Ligand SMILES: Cc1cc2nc3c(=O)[nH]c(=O)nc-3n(C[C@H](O)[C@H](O)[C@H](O)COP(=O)(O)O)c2cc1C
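One chain is shown next in structure tokens, namely the form predicted alone.
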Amino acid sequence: MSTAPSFRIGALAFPSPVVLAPLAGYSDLPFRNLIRDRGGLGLAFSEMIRPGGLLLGREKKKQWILATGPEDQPLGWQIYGKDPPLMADAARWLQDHGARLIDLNMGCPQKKISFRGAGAGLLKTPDLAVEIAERVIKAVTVPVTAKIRLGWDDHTLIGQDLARRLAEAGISALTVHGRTAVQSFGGQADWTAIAAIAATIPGIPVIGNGDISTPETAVMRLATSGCAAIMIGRGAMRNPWLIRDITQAIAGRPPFPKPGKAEILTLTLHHFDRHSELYGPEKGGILFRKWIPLYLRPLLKMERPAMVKLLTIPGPRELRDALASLPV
């Protein structure tokens, strides 16, 4: 039977070239394990972590963002910031607490982050981006990777040059989102540009990211881009079976049956319960509401009035009961 090709980052080997993106506010332990349970995942990343919050933040919030377990492997930890010594300290702290892979966020387009010079803001200060990479790499012994975009805007397409400089600094892999920071998630990802960056650093595995929402697209991008792996973000949020189905297609195996309404509802309830276990019933119920439209609107074709009614149910127990009683 065919198997999906593996890929490596430094000494770490991964069973599939399909990677779950670091998704702020979404890729927590419950969601990562939900994806792992479906199968096909090579590597997942944590939500992006602010070094100050990690080293000095409130213990409860830190506990939530750092939550993991033996079943949540392999896992990379992503940090973001613009202070090289602080980034190095955070990476060292994570390694001391068991991290086997550190990722540097140089691509988040959120204004509250990028307009302060962190995340994709580093695309406007590439010398600082390279200094951060150098300091972090010297601070730890585990592989260090980075995630970038093509540039800040169409007038500053520095992706190839920054990729080369990061490779010279010693990064072990590079993820490239095929848009500029100004584009955010609008327009279309430029996979020609991603392929050009991959060709610029042939000794470094490149993970391509952007607009992969079907197994067919994933197979094509992996075959034509020169990338060692592909990263899935928003597509997995809307369809938790997508990574499983992509890995199946890459391996040349026949597709799984599409999940029916009952299976979708079971997954939704399972995710709800995992949220409650991690965050507590009240906090978990509040945080889970953002997932309800993602799952139920496209997968169960729920109309707006019914969705609004669900989202305005006050208590977590009542919300779960309402979800469990949906007609499937």
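Note that the structure is predicted; figures quoted are calculated from it, not measured. In case it trips you up, residue 1 is the first one in the sequence shown, and so on.
The next section is about a form of this same protein that is not shown, the form predicted in complex with this ligand.
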property	result
Non-hydrogen atom contact Leu23 with this ligand in the predicted complex at 4.5 angstroms	yes
Any non-hydrogen atom of Ala44 within 4.5 angstroms of this ligand in the predicted complex	no
Residue contact check: Arg234 to this ligand in the predicted complex, 4.5 Å heavy atom	yes
Any non-hydrogen atom of Asn209 within 4.5 angstroms of this ligand in the predicted complex	yes
Option from 210-218, 84-92, 124-132, 165-173 whose residues, in the predicted complex, bring a heavy atom within 4.5 Å of this ligand	210-218
Candidate spot Arg38, Ile246 and Tyr295, all three touching this ligand in the predicted complex (heavy atom, 4.5 Å)	no
Candidate from Asn239, Gln78, Thr180, Ser225 lying within 4.5 Å of this ligand in the predicted complex - any heavy atom	Gln78
